[in-house]
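Next comes just one chain, in structure tokens: the form predicted on its own.
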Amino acid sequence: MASRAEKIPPHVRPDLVWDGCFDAFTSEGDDPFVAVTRFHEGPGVFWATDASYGRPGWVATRMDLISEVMIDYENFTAERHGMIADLVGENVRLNPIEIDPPAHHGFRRILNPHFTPKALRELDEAVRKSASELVDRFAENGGCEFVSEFAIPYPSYVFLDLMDMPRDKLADFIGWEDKIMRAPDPMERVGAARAVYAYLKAHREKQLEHAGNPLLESMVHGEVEGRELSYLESMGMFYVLYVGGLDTVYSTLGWTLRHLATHPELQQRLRDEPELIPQAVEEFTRAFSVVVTHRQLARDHVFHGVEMKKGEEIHLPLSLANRDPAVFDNPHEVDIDRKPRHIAFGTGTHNCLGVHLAKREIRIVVEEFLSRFNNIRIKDGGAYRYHTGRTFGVDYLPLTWDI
């Protein structure tokens, strides 16, 4: 283990050092989104001795600074050594997430047409069917454990349908995802990541002869700079679609349903005025911005008077941007009338490819639960549980309702 002194480089000003564990700090209390925003009381950027998995690094705490880092790919690169490469043992990058411009644009152009609102409208029926089928399993029980019975399998169903994969792989995908994201044993994470990679590799090979749909066709035979995608570039796309929408969607759904279950007046308003649900989804994603992303210093750089060195990490908790009191009045209040301009899905070149799909998934879930159940609430004596880390997620949410 590195000593405290080894985790504080000489160029870091003492007044910017925070000697603590980010994950432990954000886990204090009942609400991690309130806990994390205590960082707003300090500087706009600081050095944490344990910013992520025991590693030190910078943390940005304001909307304007986080946005600037995301936009400035010349100084803050996404082209760090890929986490997936370490896990699977091949030099693969999440494509196009871990690739900066100008190359980024060519890869993004291959995928963009499949994730426009117009293109995704064709998925509406399938996404709604996935939600309805899951709800049918517990609708007559008067309640459910929302996370395990709905929030986790739901985006996995959507992914399997999107990729023309059999639904009988659901249990495997959920198990692999859980180990990759949360297994305390590094070898468990490696094993799960390699199992996913092997399955995606086999699925890709099937498409080489006959792609099942236009999305798969583009990821296998798409062209960039006048040539066909390489094997690693193609696998990077397959993997990014796997990791991109599972953990974040299920996490956002957990916080959204917890909020609705504790605010019956909002439930009823959205039942009475269902046309407000899309703007409510915007506010839910602002208030419950679950991702902590990061960049790496591409070169030595002075950022708003703070000296930073090449290779250092800077962490960007989107909850700090989207609950910034300098930008939002009463930032902890969920107000569906505020119509926020948030960055829950990032900003700049690397904004989330699947933003329209994610919003569609969340909207359909809210519509489904509010139309089928009345007085949704947390079970008497039930207490929810959550985790922080790179994603803030609900682990356990016992709900009950009136049919």
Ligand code: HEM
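The first residue of the shown sequence is 1; numbering continues from there. Nothing here was measured: the structure is a model prediction, and the numbers come from that model.
Not pictured, yet referred to below: the form predicted in complex with the ligand.
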Answer yes or no: in the predicted bound form, does the ligand come within 4.5 Å of a heavy atom in every one of 147, 267 and 373?
no
Given 234-242, 258-266, 178-186, 85-93, the stretch touching the ligand in the predicted bound form at heavy atoms within 4.5 Å is 234-242
In the predicted bound form, the residue from 362, 63, 69, 51 with a non-hydrogen atom within 4.5 Å of the ligand is 362
Picking from 169, 108, 201, 194, the single residue whose non-hydrogen atoms come within 4.5 angstroms of the ligand in the predicted bound form is 108
Is there a heavy atom of residue 328 no more than 4.5 Å from a heavy atom of the ligand in the predicted bound form? no
Self-check item: Contact of residue 349 with the ligand in the predicted bound form (heavy atom, 4.5 Å)
Solution: yes
Using a 4.5 angstroms cut-off on non-hydrogen atoms, would residue 46 count as touching the ligand in the predicted bound form? no
At the 4.5 Å heavy atom threshold, is residue 315 in contact with the ligand in the predicted bound form? no
Contact check, 243-273 vs the ligand in the predicted bound form, heavy atom within 4.5 Å, ordered by sequence, gives 244, 245, 248, 249, 252
